[in-house]
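One chain is shown next in structure tokens, namely the form predicted on its own.
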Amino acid sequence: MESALLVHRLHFAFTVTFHYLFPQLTMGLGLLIVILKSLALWKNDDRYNVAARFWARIFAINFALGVVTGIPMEFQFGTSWARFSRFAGGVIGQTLAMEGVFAFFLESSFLGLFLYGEKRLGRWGHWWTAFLVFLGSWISGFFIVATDAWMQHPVAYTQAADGSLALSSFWGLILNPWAWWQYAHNMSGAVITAAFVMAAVGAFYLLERKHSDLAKIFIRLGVVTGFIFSVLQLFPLGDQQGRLVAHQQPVTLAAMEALFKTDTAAPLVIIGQPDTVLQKMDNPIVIPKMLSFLTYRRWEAEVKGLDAFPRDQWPDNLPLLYYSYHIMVGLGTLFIAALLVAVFLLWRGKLFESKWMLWVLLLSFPFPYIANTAGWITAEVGRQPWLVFGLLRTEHGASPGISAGNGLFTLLGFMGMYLVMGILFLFLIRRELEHGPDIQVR
């Protein structure tokens, strides 16, 4: 059973990680496309419309791959995680259904109008289609995050005689405070991804000396929005998300920081290697008292370490959790530093001639994907050993009738199919980049 459970976990981890490569860009691009359309109306400059049409094509490719890779995850709840579905389906079925029925159809319907209805809809009608595509993608994101947030911090449920859970308050589920902070943190990360991708494409075109006017629009919008949301991601969004973890899942905070011993005036570990055998940090670089202050706003506050909790409640892969969390925070800090320099050069009017900074922007685009993935690993590994925190342990949620061999066979099949889809995606994106924005400006 343990080997089957491991395969089930690896299978879902692979599919959800691959899937999220696509919606994080579409959700971020949804906002940036609305900004481009708004600038076109405000400045009466059709170059922004051309830019919006170009990014809408990128959006559509990502959206299509996101749908294709997202649907199998819904089925995995019933195949690999049947006992979890039976236990929690009465609650999470509400948000998953609303994501599919309302947000998905809103987003996909108006995406078609945005791509093909510009001439018939007029300037304001086309702006509204862009806004509704953005709204649909962000509503879709909310319902998915609300589902995960309930698993992190279960609220608004009652337990039936057979042990399964039922929803007691729809608004209690939707207004879960964990959901709103996690949602804001997640969507900010999506905008950062889109901003870096947009700035990278603009830098590529400038370095290639192609589409210079539009490339400057891409860089300007990407750099400014990326800097704003990178700062917001650190504070207040990341700060509040961290404080929620500290109050609701203190064992997770201790594992994220590899704090083995309860401590007053606890230091913040910048970098180091956790030794889970000897339960200590090797080669740590620390800021004294900072963890206590960030968590409880008091320099001398006590922070519970892993020694305050039974061993069977510790996250089961502490090194992965520790490194994922520090990769996320470290990359987020680097984003602020790099974009601060870019904003300064933009303000001085030197960014577009600074080849070294253009290369930095071009080569930086993979790192928001890494940071977002590390953030989700932090959230999901940090919740372990629980599927629903405090209510259902992971080993009790898997399907008992699926063997490790069957699960591994399916996982290998998915890896092969997703490899083909990944190659197709790269081909389509490369073709769009080679074609570039439409030359005609109406």
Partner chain sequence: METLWFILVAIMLVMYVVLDGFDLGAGIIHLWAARTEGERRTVIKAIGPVWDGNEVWLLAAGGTLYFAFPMLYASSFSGFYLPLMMVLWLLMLRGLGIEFRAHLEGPVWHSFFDGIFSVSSGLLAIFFGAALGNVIRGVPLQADGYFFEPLWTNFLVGPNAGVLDWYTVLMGVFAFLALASHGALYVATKTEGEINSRARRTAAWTWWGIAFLTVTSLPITLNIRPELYDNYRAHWFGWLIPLMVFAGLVGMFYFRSLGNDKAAFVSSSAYLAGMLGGAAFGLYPTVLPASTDPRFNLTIHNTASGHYGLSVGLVWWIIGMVLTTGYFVYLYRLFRGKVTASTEGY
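Fair warning: this is a prediction, and the values are worked out from it, not measured in the lab. Numbering follows the first chain given and starts at 1.
In what follows, reference is made to the form predicted in complex with its partner chain, a form of this protein that is not presented.
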| Contact assignment for its partner chain in the predicted bound form, among 220, 83, 304, 123, heavy atom within 4.5 Å | 83
| message | Going by heavy atom distances of 4.5 angstroms or less, which of 333, 168, 276, 212 would be at the interface with its partner chain in the predicted bound form? | response | 168
| query | Which of these stretches, 26 to 34, 373 to 381, 412 to 420, 39 to 47, has heavy atoms within 4.5 Å of its partner chain in the predicted bound form? | reply | 412 to 420
| Three-residue site 72, 77 and 100 fully in contact with its partner chain in the predicted bound form at 4.5 Å by heavy atom | yes
| task | Using a 4.5 Å heavy atom cut-off, state whether residue 181 contacts its partner chain in the predicted bound form. | result | no
| message | I'd like to know if residue 68 sits close to its partner chain in the predicted bound form, meaning any non-hydrogen atom pair within 4.5 angstroms. | response | yes
| request: Report whether the minimum heavy atom distance between residue 57 and its partner chain in the predicted bound form is within 4.5 Å. | output: yes
| query | Heavy atom to heavy atom, is residue 390 within 4.5 Å of its partner chain in the predicted bound form? | reply | no
| Sequence-ordered list of residues in 116 to 143 near its partner chain in the predicted bound form, where near means a heavy atom within 4.5 Å | 116, 117, 118, 119, 120, 121
